[in-house]
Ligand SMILES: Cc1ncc(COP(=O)(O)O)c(C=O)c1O
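Quick setup: one chain, the form predicted on its own, written in structure tokens, and binding and motion questions come after.
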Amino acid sequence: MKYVFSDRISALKPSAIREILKVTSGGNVIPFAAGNPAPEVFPADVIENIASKILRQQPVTALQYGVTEGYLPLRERISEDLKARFNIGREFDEIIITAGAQQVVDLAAKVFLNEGDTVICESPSFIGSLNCFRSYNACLKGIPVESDGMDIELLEKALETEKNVKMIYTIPNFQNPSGYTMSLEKRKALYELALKHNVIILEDNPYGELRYTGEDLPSIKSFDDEGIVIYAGSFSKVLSPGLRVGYSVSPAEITAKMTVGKQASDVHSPMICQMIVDRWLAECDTAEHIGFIRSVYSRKLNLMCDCLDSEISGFISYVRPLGGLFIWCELDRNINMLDFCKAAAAENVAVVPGTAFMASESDRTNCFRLNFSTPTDEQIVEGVKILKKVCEKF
């Protein structure tokens, strides 16, 4: 049988990162391409104990259907924590639990985007979100990301000239893939521009807890007295990505529509996973655990930067990230990035070409993304030495 797929899926390309991971999944490959947490930071024993306790004490709740909005104790706990620590959430806001922050992006797109509507996004940006917007046949308008965040002048121009702009998508903290952090001034300017032009902001913050240097900056959502920001959070980077527990904070009217959209996808997120996260927040020293993660990743970041500086500083330039999981490296010559990454893969080092993260196929970049959380210390040292050989070939 010849299959005739929908127009929206026929034009969609698979994630370059996932395809690279398939090809380079062998045991000898140095994994600079992924963004997985380091295995040593998983609190596996703690999760095992919590899960066992839940199944002994609340088996029916854990194994039965739940409400689409999510497990109420977890929603209340998240709400209290966000308000107390980050001034996130107003009386008009409500929380929905999702399958990771990625589902928040999908639900926001489902709720707001008609075919042909425009999403303004950072360029480069997270490929998973870009592909999500493309799956709804949205037009993407990429705004270059500077070391302190999105170019605000170009953002303002795009808001004035692009047709049917429905949403601005941003990752303000330790952006994926660039690692850049948006300044406080730009966060405020972005909010004011969105308010002026009546456009929703989708603030994606999966890496916010992973700061290694400097002081935390307020989220864009913390300014939101007008109800124009959808905030996407996740426990993937601080507890476990396999649990697939994320959440959205947005005005109740938006949350209600997202709830209907989620019912059409998966009814609700797994109850036992939500209950594990709730008990972890209630019973464990989460600050201590996050501090441990920060110490591990800070050391790995310093090691990778030291190796880059000593081995390939003559070939690349980069801005040292203040947190997150990624380093954005720019080659000093105009090189075909796909060829470069294939050459690295042939030497058993997996890196991601920067072109995979661009809003438009016509956008060009001479950059590639490195991840430092997944590889071991030994792999970081060896992998950068191999990249030096690849750089010399080009």
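When you see a residue number, it is the position in the sequence shown, counting from 1. The shown structure was predicted, so the numbers you read here are calculated from the model rather than taken from an experiment.
Just so it is clear, the following notes concern the form predicted together with this ligand, a form of the same protein that is not shown.
For a residue to qualify, one of its non-hydrogen atoms must sit within 4.5 Å of this ligand in the predicted bound form; none of 186, 190 and 222 qualifies. Although the partner is absent here, residue 207 lies within 4.5 Å of this ligand in the predicted bound form, judged by heavy atoms. Proximity of residue 140 to this ligand in the predicted bound form: non-hydrogen atoms within 4.5 Å are absent; the residue sits far from the partner. Residue contact check for residue 259: none of its heavy atoms lie within 4.5 Å of this ligand in the predicted bound form. In the predicted bound form, at least one heavy atom of residue 169 sits within 4.5 Å of a heavy atom of this ligand. This chain is displayed without this ligand, yet in the predicted bound form the stretch 98 to 106 from 209 to 217, 190 to 198, 98 to 106, 251 to 259 comes within 4.5 Å of it by heavy atoms. Between the options 268, 110, 244, 134, the residue in contact with this ligand in the predicted bound form by a heavy atom within 4.5 angstroms is 244. This chain appears without its partner; in the predicted bound form, the one residue of 279, 300, 237, 75 with a heavy atom within 4.5 Å of this ligand is 237.
Residues of 124 to 158 placing a heavy atom within 4.5 Å of this ligand in the predicted bound form: 126 alone.
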